[in-house]
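A lone chain, given as structure tokens: the form predicted alone.
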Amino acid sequence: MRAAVHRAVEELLAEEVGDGLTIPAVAARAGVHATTLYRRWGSVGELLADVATSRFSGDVVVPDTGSLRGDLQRWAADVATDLADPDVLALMRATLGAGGEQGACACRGDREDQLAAMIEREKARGGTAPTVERTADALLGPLYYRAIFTGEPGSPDWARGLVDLLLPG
């Protein structure tokens, strides 16, 4: 049932239903009763946060190139490619719009965990690294801003350039 509901949400978002994304609309598309969705998710915001968490968990692999710079460049390029997908953008915009803080966490949580893994690996190699917060501000901030608020998501090359701003030299 969860897969059918998630698929229904993604299909409705792809059709640009906007405010038409309601629990009854999702239930009808998924072939389940609306009360089942209300009981499990409670609101459209909670449902979108669950779909986003599912979608964004593990979609970008944490690279291991042997250097933090190489890891972050490959990761940033992969995230930029992911954010260029119109279906991903529709899900992110809807989740942020309806999900509040829970929606924001769903859209950034796994990405921050990936950054933390790369930073910890660099420290374990004996290198120095910026904090996860600084790295997220320098990489995720611009990537998400361009994807969500402008009509032109950043290219993989542009995303790799953000790493050079974070790690000069």
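Sequential numbering from 1, following the sequence displayed. Computed from a predicted structure; not experimentally measured.
If you look for the form predicted together with the DNA, you will not find it shown, but the lines that follow are about it.
- L13 falls outside the set of residues with a heavy atom inside 4.5 Å of the DNA in the predicted bound form.
- Interface residue remark: T131 is not counted as part of the site for the DNA in the predicted bound form, having no heavy atom within 4.5 Å.
- Proximity of G42 to the DNA in the predicted bound form falls within the 4.5 Å heavy atom cutoff.
- Although the partner is absent here, V32 is a contact residue: one of its heavy atoms lies within 4.5 angstroms of the DNA in the predicted bound form.
- Shown alone, this chain has one stretch from 23-31, 45-53, 115-123, 65-73 that lies within 4.5 Å of the DNA in the predicted bound form by heavy atoms: 23-31.
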